[in-house]
Structure formats: structure tokens, C-alpha cells
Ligand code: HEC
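Below you'll find only one chain, the form predicted on its own, shown as C-alpha cells.
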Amino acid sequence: MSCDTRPAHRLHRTGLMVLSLLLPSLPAHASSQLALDKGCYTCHGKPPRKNAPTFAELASRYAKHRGNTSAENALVEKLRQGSFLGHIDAHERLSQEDARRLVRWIIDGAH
């Protein structure tokens, strides 16, 4: 008596395909841990340094861009150029991926 494992194999393969489609989007999301690791709370924490907005203020300001890929791309580039309020070294040192993760986290509410 043989056991036909093809349906189970097909289900497993389908599950892996679905997972592979989801995984590329997972690293794009960030948490407060990335902001902490990058030192962002030094200026954007509570209380904020000088005129820097808190993450809650940034989230409120940029929530309107949720789901707008072109606006998100523009914000990522603007962040990395350090041009929000002039020359900001910490912003310029962000990788493209980290900047995108932070921008998405902020747009999604910075929770």
C-alpha cells in the first residue's frame, strides 16, 4: 500500500510560494527599534531636541501619504539627502532600505 504525498507536497509548495511573496514586503516595515538603533530618538524623542518634531508629530504630518508610493519615494530621497531642515548627518548616513523602512513606519503611524 503506497501513500500518495503529491497533494501534501503541492500544498507545501503553494504555502512556500505565498510566503516568498510576502517576505519581501516584511523588511520594508520598521519599528521603534530601528529608530532607536539609528539614534533617531536623540532628536525626535520626548522631549525633542531643538526644533525637531517628535515621531507622533511626524506620523500625523505624513499620514496623508499612506499608500502613495511616489510620495513615499520622494520622502525617502528627501530624508537621505538630509534636506528636511538643512544638512543632517544622521539622515544622510541612512541606507536606502533603512530610510524606506523608517518612512513607512512613520507614514503608518510610528507605533
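The structure presented is a predicted model; accordingly, all values stated were derived computationally and were not measured. Residues carry their position along the shown sequence, with the first being 1.
There is also a form predicted together with ligand HEC; it is not shown, and the following applies to it.
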Next item on the list: Give a yes or no for A71: in the predicted complex, does one of its heavy atoms lie within 4.5 Å of a heavy atom belonging to ligand HEC?
Entry: no
Notebook entry, point to check: Is there any non-hydrogen atom of K78 lying within 4.5 Å of ligand HEC in the predicted complex?
Noted result: yes
Next item on the list: Would you please decide whether G39 lies within 4.5 angstroms of ligand HEC in the predicted complex, comparing each non-hydrogen atom pair?
Entry: yes
Item checked: Touches ligand HEC in the predicted complex: I106 (any heavy atom, 4.5 Å) -> yes
Notebook entry, point to check: Quick one: which residues from 53 to 72 get a non-hydrogen atom within 4.5 Å of ligand HEC in the predicted complex?
Noted result: P53, F55, L58, R61, Y62
